[in-house]
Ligand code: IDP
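Just the one chain here, the form predicted alone, laid out as structure tokens.
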């Protein structure tokens, strides 16, 4: 009996944890200025991911320095922070099975020249410095970025009616 209960618990935890992985995606100033917000959101929605948080804001240099702290020793860091604070951005949290890895695939390679057709960067941009989106590269970085940009009350817990059409039981 205990074995069955442990199996059910394991299955429940595995299923729920897999379906509730979160990633941080941010549409950069170039994506906002070019009117691409809707197209980018549509890609994630069509894939079956669930939007759980979104803002529209003009970020401070201080927030961006924290966000890109891992790049602070790179020669392009000052220019990156200056560019990212040059206009409004749309930070978002998406949830779903394998959303970190799949989100990066949807975005395409960091360098748009290396991005496959059909990806956001492959279809919508040309240069690395104007690659329209940021996406978390791991679950750990996603959690860090989500906590930097959003508080717990801003993360909406909901179940879309289409969930059973996206996920198996």
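Here the structure is a predicted model, which means the values were calculated and not measured. Residue numbers count along the first chain shown, from 1.
Here the subject shifts to the form predicted together with this ligand, a form of this protein not shown in this document.
Open site. This ligand, superposed from its pose in the predicted complex, has no atom within 2.4 Å of any backbone or C-beta atom of the chain shown. Only one of 37, 128, 52, 139 comes within 4.5 Å of this ligand in the predicted complex through a heavy atom, and that residue is 128.
This chain is displayed alone, yet in the predicted complex one of 110, 102, 119, 143 has a heavy atom within 4.5 Å of this ligand; that residue is 110.
Within 4.5 Å of this ligand in the predicted complex, a heavy atom is found for every one of 28, 83 and 135. Residues 68, 71 of 39-75 are found to place at least one heavy atom within 4.5 Å of this ligand in the predicted complex.
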